[in-house]
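The chain below stands alone, shown as structure tokens; this is the form predicted on its own.
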């Protein structure tokens, strides 16, 4: 198995967090897959990704809830813990708007996420279920609270600060782009470790955004996004799958259904499928990498 950037055992949650942060500063784009359950997370690790994240939309829907903060908090934290338990690479999670309207509530969320085994989180700047952006001042306080909560538990929690100004900002495309830059700068200066302008796809805009931030930037896979090699050239630090892996998986199930019902054949069902033994192994904690040899 390929263990990506971590050939040795990561001995603590703090080391996981520090290693995850380093992946954003190595000069090449981090490809971060977003899982939604134990088997999807394990497949990504087994295929060599050096870290795994969750997709809020994919994970929530897999548990029977719409995206956002409708899911009961305890069920959300339990799901995060289940994923963290079976992985040996860092786990970052999508925490919507922090499961809290105040910095204090966000601090509590982060403490629970750390205890569940996560080492990073996305936090977005709009209220779930609405198209309303939160004030910059409030989001800055939430980011500071998230960082402080991790530090209080001796885990440098990696905060990926998402802005939806490109979607929900005021004015034309140029105005919304300016708002996204302004918010990202504020979040950077508040202590975020990476900024995530949701909806940024076009190469020239990505280049301008990265240039104006001079800071790690995350973009998400979607139609029209430049290739990984091009994103490297543009200076992007991280490209995440978002919910697209779950979209692809559900699309495959739909193709299977239509083929069987329409043609009476099973090609999509059996082609490139894993075996029962492989599926069963995805439910068990895997053998950890060999510990780093002593320097003495």
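These numbers were taken from a predicted model, which means no experiment stands behind them. Numbering follows the first chain given and starts at 1.
There is another form of this protein, the form predicted together with another copy of the chain, and it is not shown here; the text below is about that form.
The contact residue chosen from 207, 115, 101, 222 relative to another copy of the chain in the predicted complex is 222, the criterion being a non-hydrogen atom within 4.5 angstroms. Contact with another copy of the chain in the predicted complex holds for none of 129, 190 and 201, as no heavy atom of theirs lies within 4.5 Å. At the 4.5 Å threshold, heavy atoms of residue 27 stay clear of another copy of the chain in the predicted complex, well away from it. Under a 4.5 angstroms non-hydrogen atom cutoff, another copy of the chain in the predicted complex lacks residue 235 among its neighbouring residues. Not displayed here, another copy of the chain is kept clear of residue 15 by more than 4.5 Å at the level of heavy atoms in the predicted complex. Contact check for residue 226: a non-hydrogen atom falls within 4.5 Å of another copy of the chain in the predicted complex. Comparing 136-144, 173-181, 208-216, 70-78 against another copy of the chain in the predicted complex, the single stretch with non-hydrogen atoms within 4.5 angstroms of it is 70-78. In sequence order, 244, 245, 246, 247, 248, 249, 250, 251, 252, 253, 254, 255, 256, 257, 258, 260, 261, 264, 265, 266, 268, 269, 270, 271, 272, 273, 274 are the residues of 244-274 having a heavy atom within 4.5 Å of another copy of the chain in the predicted complex; the partner itself is omitted from this view.
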